[in-house]
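Included below are structure tokens for two forms of one protein chain, each presented in isolation as structure 1 and structure 2.
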Structure 1
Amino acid sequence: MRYALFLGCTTPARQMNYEQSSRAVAEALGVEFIDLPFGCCGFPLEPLDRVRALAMAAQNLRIAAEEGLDIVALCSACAESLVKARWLLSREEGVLRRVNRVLKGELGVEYGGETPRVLHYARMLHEEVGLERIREAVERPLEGLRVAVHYGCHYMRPSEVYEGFEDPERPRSLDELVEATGAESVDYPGKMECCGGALLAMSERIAREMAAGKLRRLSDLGVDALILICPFCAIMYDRYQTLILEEGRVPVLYYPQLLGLALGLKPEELGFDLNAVSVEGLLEKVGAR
């Protein structure tokens, strides 16, 4: 399996442990990532200029199509932007014409309806690699580990553009991926709540309260870790945790970090030194220390 890896803007700048663990796990599972000269997905620009945001996404789709590759995105917002652009531009001719005017004027190119498949990294693991293959590759079963998953907002929304991948109210793929490692995925109140990251620019107080509420509930449940698949969510729950919780720290892992442990990879291969909240207790519990 070969894919163009779409890193986005936040991961390589602020969440390098996500990239490091994702690449290490992909290699261990026989998935080849190709780095292409992608630009921003357009997501940050959408509230200001929808057409230019779509043009940015369309250019990225063109780049992957020229190489004959489908795209795997690490960031949920990036995946949504690319999937949504692919979906909208195949249906709205007026918007397509406006997008192509931008592309023609800025880059001298046009979007010709290129439709490489766009998958979030977790979806690629769930659908393309498959749960059975993951279970077979596990060398260090994480039995006895109790973790909580956080899906985030953009992983399966808007649902109409995601080909029926998930029920946005009752998703299961991330829970199943956790269970494939041998760990237990613990259900909990507020599982589908937003991390608060989308509100940071409007009200940092409310955003921090939203993140703190979930972390307090998970601390009370005594879970071993919170499992994420989005860099924005990690900023809220991991980077901000020391600012919003006075006690009851909850280790925060990206799913590829959890899976990498189950595959027998070393913590230093998975970027654990870059996690903000200490993970030493978890690493000792699974025998990785």
Structure 2
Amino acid sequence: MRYALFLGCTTPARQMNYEQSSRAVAEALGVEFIDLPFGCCGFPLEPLDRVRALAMAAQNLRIAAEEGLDIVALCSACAESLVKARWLLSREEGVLRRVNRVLKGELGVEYGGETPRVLHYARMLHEEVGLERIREAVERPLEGLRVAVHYGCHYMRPSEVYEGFEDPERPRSLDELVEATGAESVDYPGKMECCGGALLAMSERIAREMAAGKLRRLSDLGVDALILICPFCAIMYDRYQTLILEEGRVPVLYYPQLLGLALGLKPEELGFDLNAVSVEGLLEKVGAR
């Protein structure tokens, strides 16, 4: 299994624990990542100019197509942006023409319908590696650990562009991935809430309040950890948690950090030193300290 790894903007600069754990876990499972000269997925530019945003996504698709590689994205917003561009450009000729006008004018290239598949990292684990192989690779079952999963939004919505992957309101894949480690995925009110991350630039107040609701409920519920698969969600639930909750803080782990522990990897290989909310108690509980 060989993929082009799409890092996005946030992860390689501000959430290196996600990148570090994702690479370590992939290696442990025999998944090879190739680094290509990708750039912004287009998502931040969409509110300003959707044609240019699509052109940016299309150029990234071209870069992967030239190498004949499918893309694995760490950030859910990047995944959605690339999946949507691929979907839209294969259906809407008018949009394709407008996008190609920009690509031609700025870069002298055209999007010719090259269509590498684009998978979120968690989806790649679920669909390509598979739960069976993950279960077999577990060396330190995380039994007794009760965690809450947060899907976020762009991992499976808009469902139209994801073409039947996951239920847009009752997804299961992340719960199943968690259960493959031996941990329990608990149901909780507000499981499908939005983290507010996409509003952070426009209104810190609204974004923070959106994140606060889920954090307070999880704190009351007393789960061992909140499990994420997107750097935007981590900024809201991990970084901002230190401003939102004075006490009863909830450790926040990226799924590959959780899986990495189950695979027997060392905490230092999984970038835990960069988690904002302390994870020491959890590491002790699973016997990694």
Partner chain sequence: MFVDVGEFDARFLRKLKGEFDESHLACFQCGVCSASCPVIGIEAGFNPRRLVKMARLGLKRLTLSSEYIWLCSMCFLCGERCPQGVRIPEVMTALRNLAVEEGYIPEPMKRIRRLLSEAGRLYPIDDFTAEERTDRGLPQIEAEPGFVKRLTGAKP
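Sequence positions of structure 1, starting at 1, serve as the residue numbers. Keep in mind that this is a model prediction, so the values were computed, not measured. Basically, rigid core = biggest C-alpha set you can superpose within 1.5 Å across the two forms.
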When you get a sec, tell me if the form predicted in complex with its partner chain is 1 or 2.
2
Residue shift check between structures 1 and 2, rigid core fit, Ser159 Cα at least 2 Å:
no
My question is whether Ser203 is one of the residues whose C-alpha shifts by 2 Å or more between structures 1 and 2, given a fit on the rigid core.
yes
